[in-house]
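There is one chain below, alone, in structure tokens, taken in the form predicted alone.
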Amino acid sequence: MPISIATEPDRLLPADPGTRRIARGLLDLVEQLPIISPHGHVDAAVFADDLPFRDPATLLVTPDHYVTRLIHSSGVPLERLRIHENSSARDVWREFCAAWPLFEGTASGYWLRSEFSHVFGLEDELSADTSDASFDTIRARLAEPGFRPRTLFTQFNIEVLATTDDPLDDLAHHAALAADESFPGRVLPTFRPDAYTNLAHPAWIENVDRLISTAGDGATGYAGYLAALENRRQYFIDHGAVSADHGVHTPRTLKLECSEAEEILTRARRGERRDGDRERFEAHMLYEMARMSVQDGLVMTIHPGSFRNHHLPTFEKFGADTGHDIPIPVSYTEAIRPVLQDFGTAKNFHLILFTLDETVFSRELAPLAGFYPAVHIGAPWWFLDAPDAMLRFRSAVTETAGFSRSSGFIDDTRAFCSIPARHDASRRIEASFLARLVAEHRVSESRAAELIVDVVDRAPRRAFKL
């Protein structure tokens, strides 16, 4: 497929000419709107330091588990996709270019092709034969002043970008950016307490000890633990945070008596966990995080349903987030009920529920969001943020929950240069879905014009209190 496909004006729009015309008109209304990215994993230091990106491989290949996992599935060892004493950035790029045909039809292929064309100006399709030339072209571009992170932030038309941060992070980079009048955008921290609430985390005991000693107000035990979490949440709010994110195995919530929570915490800090302690404590702390969000106003987002580090040999050698996390089925209706019983109608509580199990969209999330004022439906995430899956999502939730109850698009990426392509794809999918409703005389064209602006721009602002 030629790289010029990425410049086709009607890419991802409906094949039917009449419906495509409607979609093109709708897309025109939102194509140039600023990017709102309220959940992602780009490091704030990238913009605070504003250092040049090193090379194509470390920017586009090695940190992107979407890319490395697919190449690895073809039999390429992960060692050959990492830079080390026996493998240079150019060697990694050659492996990537040789594997480029594997990406046809994938969401990653779509984003990358768009990046190569729109960001880096590549004209030739990637291949083993063009790998050195494309490496040199991109490396030369990265050395230009116009390719510094801050300049790209402006060129990408990003208004808001949220990071994901450890509760004990001092947020110095966020503070520096907020104080810098020359930086036009907002880079917001996000409170991510998983390493302090998941008893199975390898550093959990050390993390909790540091948390309580740093922010526990002098209290010890469970009281100091809760106080420290509340204090750190406030610290994040003072530094611009609007949300707290929770990457959990399941969305189960549980309201324990304080005495039981204290007992589990005390045992776990001694390294004496019992069967069921991890699941009960994590579920209880998810409930506690909801209680805190009602009190302090942080939007609560839940990202469950991933079997993390499925391949232990890879985890032991390369660590987490290296491509071997696999989705599992989830169920929300009973799991989230303790939170919704107490807080589902609480004023100003925003609870955004994500899933990797798309059967949940129509079966549970749309009905929940269609009743509880607190619940918003998280956009297709991770394995689901692909064109066809996004269309399935919109079809699955709209008939029950309408357009107003979703979070807006979430790019959830570490790959900074892919952000414009991801948001562009989402906008094209929304235009395509609405165009079909117009063509079928289910929604008027004037109303579709209002709806697409709402789902692209107003929905993320509304859901994340921006």
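Please read all numbers here as calculations on a predicted model, not as lab measurements. The first residue of the shown sequence is 1; numbering continues from there.
Here the subject shifts to the form predicted together with another copy of the chain, a form of this protein not shown in this document.
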Scan P387, G240, G247, G224 and let me know which has any heavy atom within 4.5 Å of another copy of the chain in the predicted complex. P387
Which pick from F416, F409, F47, F433 sits with a heavy atom within 4.5 Å of another copy of the chain in the predicted complex? F433
Heavy atoms within 4.5 Å of another copy of the chain in the predicted complex: which of the stretches 144-152, 271-279, 101-109, 182-190 has them? 101-109
Would E262 sit within 4.5 Å of another copy of the chain in the predicted complex, counting heavy atoms only? no
Should N207 be counted as a contact of another copy of the chain in the predicted complex, where contact means heavy atoms within 4.5 Å? no
Do D170 and another copy of the chain share at least one heavy atom pair within 4.5 Å in the predicted complex? no
Contact label in the predicted complex: P304 to another copy of the chain, heavy atom within 4.5 Å: no
In the predicted complex, which residues of 327-358 put a heavy atom within 4.5 Å of another copy of the chain? P327, I328, P329, S331, T333, E334, R337, L340, Q341, T345, L356, D357, E358
